[in-house]
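Two separate entries follow, structure 1 and structure 2, each one form of the same protein chain as structure tokens.
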Structure 1
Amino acid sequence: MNALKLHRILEQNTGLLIFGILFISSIGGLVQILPSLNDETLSTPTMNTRVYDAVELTGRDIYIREGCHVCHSQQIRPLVAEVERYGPYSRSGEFVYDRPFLWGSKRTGPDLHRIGGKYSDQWHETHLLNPRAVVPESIMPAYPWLSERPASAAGDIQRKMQVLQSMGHPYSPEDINNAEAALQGLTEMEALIRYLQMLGTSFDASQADAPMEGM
């Protein structure tokens, strides 16, 4: 009877109901957030994880600008079906230098976290120019303009690297000073392919049987 009375009080008092919802939600949030604050694997790069160079970083920005992350995730979950299709599941240390994260959950297209080195540069170029030329059933749009735009026009690469350096990315002064020169003569298509070709390549095969890390 008391429980019923309390339930009626909550239903009739909007402010109290909102407070109760927020209180319960905050407990759930703390249970999820607090452990991650003390989990060093989330901020410690794996053995072969490195920062993106100037070309790869530009390619990543183009990838985001064109909305590739909307259809393609970059997080292979530790599920048998995904590991068999895409490769070893993603480790948290592989994403230390990813800002923003591009994990995603909507797999309209295949997960791309282990795409690096799987196909040739020519395959990627053909795929981006005419997806159905290599994957007949593909619903992906074509991106012909990428081969016409210079990579240097994609943004201020030096300023971008300076900001990331201030956030802890280990770029040297030489990396930043030589960034613009690294983009000279390259198209946005070439920069994007460079980015795709390095995805997942920091993974060490010896880690394949390592315990699952926090994600």
Structure 2
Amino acid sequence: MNALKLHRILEQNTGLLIFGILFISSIGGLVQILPSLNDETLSTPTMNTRVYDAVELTGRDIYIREGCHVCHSQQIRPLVAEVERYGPYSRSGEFVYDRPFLWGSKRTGPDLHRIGGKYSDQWHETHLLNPRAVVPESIMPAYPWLSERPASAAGDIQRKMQVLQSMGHPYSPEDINNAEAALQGLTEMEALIRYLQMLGTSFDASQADAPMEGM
């Protein structure tokens, strides 16, 4: 009853109402988000995790631009079947240089977190140009335009690396100075494939332990 009386006051005061909603709705976020943002284990790279070089970064941004993440996850869960299918399960330390994260929410296609090294560059190129050339029943779209555009077209690679550097990604001045040159002569297709081929490779198989959950 007392609570309802209190409520009567809230119910008749616009300012209190606004404040009340803001206060009540921020509690959950403060308790969940703030500790996570301060959790060092989530921002510490695993042993071999490194920043993306100029070509891989360009490839990654093409992956985002084309929306590969709406059909492909990059997150292997610690389940027997999943580890069997895709490889060692994903660790938070492998993603510390991922801005944004690309874990995805839907697997229309298979997980790609450890796709690096699974196929040859040639396979990827054929597949991306026309998935049905290598997988007849595939429902993945074709990406013919990627092989026509130069990887350096946007011309913003140095700026990109500077922005990332400002957020703590350890790029050296040479990395940034040589970035334009690294992209010279490459197509978007080649940059994307370079990215795919390095995905998940920073993880050392000898660190892999048993899956946590039986299923």
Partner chain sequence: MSQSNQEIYHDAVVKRLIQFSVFWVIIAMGAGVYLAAEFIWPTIDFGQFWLSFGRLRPVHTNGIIFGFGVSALMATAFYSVQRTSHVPLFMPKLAWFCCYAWQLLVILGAISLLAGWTSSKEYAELEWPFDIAIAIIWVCFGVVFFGTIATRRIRPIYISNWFYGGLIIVIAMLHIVNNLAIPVTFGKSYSLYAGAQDAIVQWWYGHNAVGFLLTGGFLGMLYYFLPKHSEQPIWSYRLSVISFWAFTYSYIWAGPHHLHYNSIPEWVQSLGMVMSLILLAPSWATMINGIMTVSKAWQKLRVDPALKFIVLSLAFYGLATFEGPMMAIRSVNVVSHFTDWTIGHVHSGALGWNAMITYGTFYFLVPKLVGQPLHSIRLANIHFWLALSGTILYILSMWAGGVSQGLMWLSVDDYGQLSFSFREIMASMTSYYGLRLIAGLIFFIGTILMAWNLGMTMRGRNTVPVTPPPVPEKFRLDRKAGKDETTIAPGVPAA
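Given the structure is predicted, the values throughout are model-derived calculations rather than measurements. Each form is matched to the other, and the largest set of C-alpha atoms that superpose within 1.5 Å is called the rigid core. Residue numbering: sequential along structure 1, first residue numbered 1.
K.L.:
May I ask which of the two structures is the form predicted on its own?
P.N.:
Answer 1, the form predicted on its own.
K.L.:
How much does the C-alpha of residue 18 shift between structure 1 and structure 2, in angstrom, given a rigid core superposition?
P.N.:
C-alpha shift for residue 18: 10.9 Å.
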